[in-house]
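There is one chain below, alone, in structure tokens, taken in the form predicted on its own.
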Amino acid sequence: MHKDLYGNGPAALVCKPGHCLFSLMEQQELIPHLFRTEFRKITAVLCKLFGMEHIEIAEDIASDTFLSAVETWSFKGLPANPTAWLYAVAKNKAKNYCSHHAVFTQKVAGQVQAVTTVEEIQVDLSEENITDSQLQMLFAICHPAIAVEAQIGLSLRILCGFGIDEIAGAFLTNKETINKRLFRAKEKLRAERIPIEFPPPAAINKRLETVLTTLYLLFSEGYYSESQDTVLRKDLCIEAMRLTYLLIENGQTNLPQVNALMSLMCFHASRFEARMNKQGEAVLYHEQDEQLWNHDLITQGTYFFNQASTGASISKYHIEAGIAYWHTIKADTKEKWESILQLYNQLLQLEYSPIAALNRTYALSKANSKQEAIAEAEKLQLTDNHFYYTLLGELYKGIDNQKAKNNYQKALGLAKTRTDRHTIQKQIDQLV
């Protein structure tokens, strides 16, 4: 696998002599790209160096580095290697900060072994240390003491380089709420004195479970986007995949459940282009154009699924990856839906979820009958969920079209986004 697939560090831009003066438009495109890919790396390394209690200082130095880039590159043009330029400036700014803040310098020097002066402080922005720092930050952020929403928010901010506006958009809330949430989470990290390091081997499995839950939810935030303007937030999904792949690259965390989660993400990501039409509207599974599926990602998903099979136990990610795999086979066969149904049965035994139970009823309708599925679905009584009524509308279609329409109308009243309402309205119109 190539790291570039998951945005794991852009290739350095090396200009030929005399060709480094890019247009303003190109600079405007490059700087946001570098901010997304390099801000997180610089912040993670500085957080590891300074300690979690100085996380704002790390973020400020990283932000100042990009402010310097905007100011300098606007007048002088792009340097031969923009990424290397950013790293050099970040190192100098970190040392300058230390030299001008004596108390801070003494604290940092006391924490870094064998360092007694500012000049000796090493800001290691090597690829190996960047990767280790991001992984160690991931384990720190995903500490059980931090609320799940705050874990995702901090991950987006520190490890994915998302701005506060973007995070607010992902959670359908405002900047003030996100700022307060992140502030409380950072205070909790300080109060708990959570170190930026890998957990000891005996504890890594337990802590890894929380990390994987956060990455799973981050991917889900993008895959089932509730943004008013889009069905799918690919950027959230790609960041979840990138961080999961970092776990796979590390010997301590390259475990079956991690590969299973990566497999699940690859299978879902393979259908990104088919899930939306040119108008940005959702395309239902049975209407998707298989030609738009990414078969390279399906192949990679299969590879990670095979890697996941080496363990002695099965996680929910194994089962969900199996379900996602069968959805990469477009043929509407009884074998396919019976296999999916059995996997849902297994998933519900392992970890019950009302939404998983609801999804199971669709597989039941395909494997057995719509009547049986309707009876099972109505037992769930998920009356505050528009997916519940949408599924009932689909199941009643062709059996009792009036009931189908009634359920779709209830779904329409509960739908939170414009795209969901549009999709549901299309189903109602088809019944008239």
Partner chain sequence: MNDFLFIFRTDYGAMPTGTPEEAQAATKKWMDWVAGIAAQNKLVDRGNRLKTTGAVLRPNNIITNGPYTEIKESIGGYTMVRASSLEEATELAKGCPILQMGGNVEIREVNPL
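Numbering follows the first chain given and starts at 1. Note that the structure is predicted; figures quoted are calculated from it, not measured.
A second form of this protein, the form predicted together with the partner chain, is not displayed here; the remarks below concern that form.
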**Report entry** Heavy atom within 4.5 Å of the partner chain in the predicted complex - residue from 238, 357, 217, 274
**Finding:** 357
**Report entry** The unique member of 31, 52, 57, 380 whose heavy atoms fall within 4.5 Å of the partner chain in the predicted complex
**Finding:** 380
Query raised in the report: At 4.5 angstroms, heavy atoms only, are 345, 352 and 368 all close to the partner chain in the predicted complex?
Result: yes
Report summary line: Partner contact check in the predicted complex: of 37-45, 58-66, 395-403, 372-380, the stretch with a heavy atom within 4.5 Å of the partner chain is 372-380
Report task. Find out whether any non-hydrogen atom of residue 341 is located within 4.5 angstroms of the partner chain in the predicted complex, and reply yes or no. Result -> yes
